[in-house]
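First, one chain by itself: the form predicted alone, in structure tokens.
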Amino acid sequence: MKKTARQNTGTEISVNQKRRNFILKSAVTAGAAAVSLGANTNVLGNAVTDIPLIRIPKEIPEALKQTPKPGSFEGNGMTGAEVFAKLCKEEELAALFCCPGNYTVINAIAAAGVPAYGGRTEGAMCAMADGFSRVTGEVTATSGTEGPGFTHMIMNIAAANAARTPLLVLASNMQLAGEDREQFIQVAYQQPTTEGMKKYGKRIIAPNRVYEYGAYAFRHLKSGIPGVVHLDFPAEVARARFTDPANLTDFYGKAKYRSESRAHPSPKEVEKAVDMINKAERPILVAGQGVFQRKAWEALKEVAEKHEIAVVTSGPTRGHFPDDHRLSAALSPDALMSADLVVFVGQYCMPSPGEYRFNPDIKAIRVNPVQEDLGRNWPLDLGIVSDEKIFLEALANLLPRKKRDAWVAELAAARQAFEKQHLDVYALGLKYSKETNAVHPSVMAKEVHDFLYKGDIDPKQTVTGSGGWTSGLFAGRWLRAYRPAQTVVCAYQYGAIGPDMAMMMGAGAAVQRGVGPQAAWKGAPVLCITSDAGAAYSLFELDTAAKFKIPTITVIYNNNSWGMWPSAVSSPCSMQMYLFQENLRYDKLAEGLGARGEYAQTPEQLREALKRSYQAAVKESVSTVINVQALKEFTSAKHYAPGVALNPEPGVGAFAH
């Protein structure tokens, strides 16, 4: 019996027939393209074999092998761009992600020896820079040309800002001398555009201060709470020449223009915190982004185990406390209401009390590196200004050893109940999948889970991230973090649909090079679960992943619609705005961009596709898109209970705070 797929009209059509039609249409389209390019081909005969293969131009690997050639004050001297690039290199800027534009600056940064990646759209490259930073904690840069390139980055600058990513946004600018005349094209005053989505910004108008403002930038990027810094370079600054460093203001090393000094808690504050924790029956520590940024996970683990404190992580990156630890509350949402003391450490994006599943009467301690934010949103019983790592080390020294058997047992029982709840939904999803010959999102997420964590792969190996509405919510419940920076919460706080696929390619670049927490898994593939809606924003960067041999596996949940389509049910005139063509083939788009394509409409097909994709990623550094065919109705509880629901916060699947 032939396998069939159900269209929304209810018509049963042959899959084989569909595929033959698609191949035939593809051949016609490809042949037409070849003819248009002047190839001597027959459209329905030898067209496919005569079309040139996709290949990486020889200039790319040659360029990547080049020895850095930083600027020098000797001879013709250094340009303003080269002076800035020199500072970036000395500050160990981890990587630059850009599109051509802002030529003088990006060429100087690449020549200085900073790893540089060029891609297809400024917005996606900005997301790649964000993703690289989220799995390393390092400062990264993104760049675009003035006007269109810069404004294309805006959504992902805002996403990075919400995630407190230390992201350096660079953009060129036309000559100041011609700005008020609107001379030529792309004239724009950029700084107001990033108001509200940056920590610091400056249009550099004095050429001799280019180094000084570079120091401003890194002082903000590497001090206090991280954030976005936006510098724009008018042509007069980028192209200015300097043969004598004495002509540059504040031209001295980083040890003199910023400090590594960190805020310490007072002994009395630590003693009070110890007293409050010791008196609590069910204390819980929310380990925020600051714990990851300060690489304080060992101190965190020591605190938790010494005093049997429950821990749940929050922020745009997960894994600084492992999900499978007996004291992890990441999968124990039912236990959160029992906690009688919460200790927020490095929680940069504070929720309001009703947004976390805690008892309204819970006592609260908050530890933050800057004073101004203490007490915002959440009333505190104790606020401490301190570096996160220093506080946790002090706490570990002073806390007595303590057993909390009842609390640990409650965490375990809640974890078991949570996992059963999702297994029950998975069982329903399996039933729905068999009935419809389409993959339910719970089945997709569980299959990925089993492949990454229950098979032959080291469960700690693969960095994952997810996005989209239906796909992201289900994926969040099943993706795990067993070590620092193993999972990226792509939608964290800003909730952007679309940057996730590019963001995970940036994470893949970090894993490819084994930067920071990724060192032990250098070269491993990364995996992204996203939606058909979200993929549209980043899909073309498969070309970038292929160019740089960054192995990624992207599972696209293809339900033919925006996830919010139920919003149009009561508005008959609106539904067309929420739907796409049905059964689009994202796997074929991937093949056209030099990646692999896989198609799955059953759990078994997805399972095998994951195996082949992982092998291709490991052995050939080739990326794959797995098109998982679904139905939009899976989102709706009316059609397929339980539909979609937000995940509890904090914990796995949380993305708001």
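Start at 1 and count along the sequence shown; that's the residue number. Just so we're clear, the structure is a prediction, and the values are computed from it rather than from any experiment.
Absent from the display: the form predicted in complex with a small molecule. The rest refers to it.
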Fill in the blank from the handout: the small molecule in the model of the complex has a heavy atom of only one listed residue within 4.5 Å, and of 314, 143, 531, 133 that residue is 531
Problem - Listed residue (177, 412, 205, 564) with a non-hydrogen atom within 4.5 angstroms of the small molecule in the model of the complex - result: 564
Practice task
With the small molecule left out here, work out from 296 to 304, 491 to 499, 449 to 457, 378 to 386 which stretch has heavy atoms within 4.5 Å of it in the model of the complex.
Solution key: 491 to 499
Practice task
Tell me, yes or no, whether residue 557 is in contact with the small molecule in the model of the complex, where a contact means a heavy atom of each within 4.5 Å.
Solution key: yes
Exercise for the section: Report yes if any heavy atom of residue 471 sits within 4.5 Å of a heavy atom of the small molecule in the model of the complex; otherwise report no. Expected result: yes
Problem - Interface membership of residue 263, the small molecule in the model of the complex, 4.5 Å heavy atom rule - result: no
Practice task
Determine whether any heavy atom of residue 362 comes within 4.5 Å of a heavy atom of the small molecule in the model of the complex, and answer yes or no.
Solution key: no
Exercise for the section: Spell it out for me: taking the small molecule in the model of the complex, does every residue among 150, 194 and 656 have a heavy atom no farther than 4.5 Å from it? Expected result: no
